[in-house]
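There is one chain below, alone, in structure tokens, taken in the form predicted on its own.
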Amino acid sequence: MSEIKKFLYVNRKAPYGTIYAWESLEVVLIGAAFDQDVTLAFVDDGVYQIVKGTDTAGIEMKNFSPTYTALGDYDIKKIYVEKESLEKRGLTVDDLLDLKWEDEDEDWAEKDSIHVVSSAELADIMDDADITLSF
């Protein structure tokens, strides 16, 4: 039996204006549905993908950010946000979607999926990945 590979999806682009954010989310959900070990990282303008309260009415595009709340249902619980990217954009973890997963070992207790990490910590996470896809 083959070893499960660790997939890291790095999101660097703003959520709207290009197809990158939507494509990343689709690939992540498909991979998780096939039991991939999925980790997400949000850096640079990619942090805007998970900002709560996104309103896309002015750009006449469908708001897909609520889809991120389904990640926990796909057992995606490793979501890393680069601290420096948040700070540079005047954001904090409180500005981000409340993404949770349920721990069946602890009577389905809800736990945070988002972990704010330094750029150095994120570099270690990237080094640990078997496959990295950047969007």
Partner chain sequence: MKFSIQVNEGPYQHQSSDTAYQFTKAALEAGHEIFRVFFYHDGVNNGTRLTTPPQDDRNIVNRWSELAAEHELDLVVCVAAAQRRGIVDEGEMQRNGKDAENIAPGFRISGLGQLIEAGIQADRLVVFGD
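Keep in mind the model is a prediction, meaning the values are calculated, not measured. Numbering follows the first chain given and starts at 1.
Separately, the form predicted in complex with the partner chain exists; it is not shown, and the next lines address it.
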is_contact(residue 93, the partner chain) in the predicted bound form, heavy atom dist at most 4.5 Å
no
Is there a heavy atom of residue 70 no more than 4.5 Å from a heavy atom of the partner chain in the predicted bound form?
no
Flag residue 97 as yes or no: does it have a non-hydrogen atom within 4.5 angstroms of any non-hydrogen atom of the partner chain in the predicted bound form?
no
So in the predicted bound form, is the partner chain close enough to residue 36 to count as touching (4.5 Å, heavy atoms)?
yes
From first to last in sequence, which residues of 98-133 have any non-hydrogen atom within 4.5 angstroms of the partner chain in the predicted bound form?
131, 132, 133
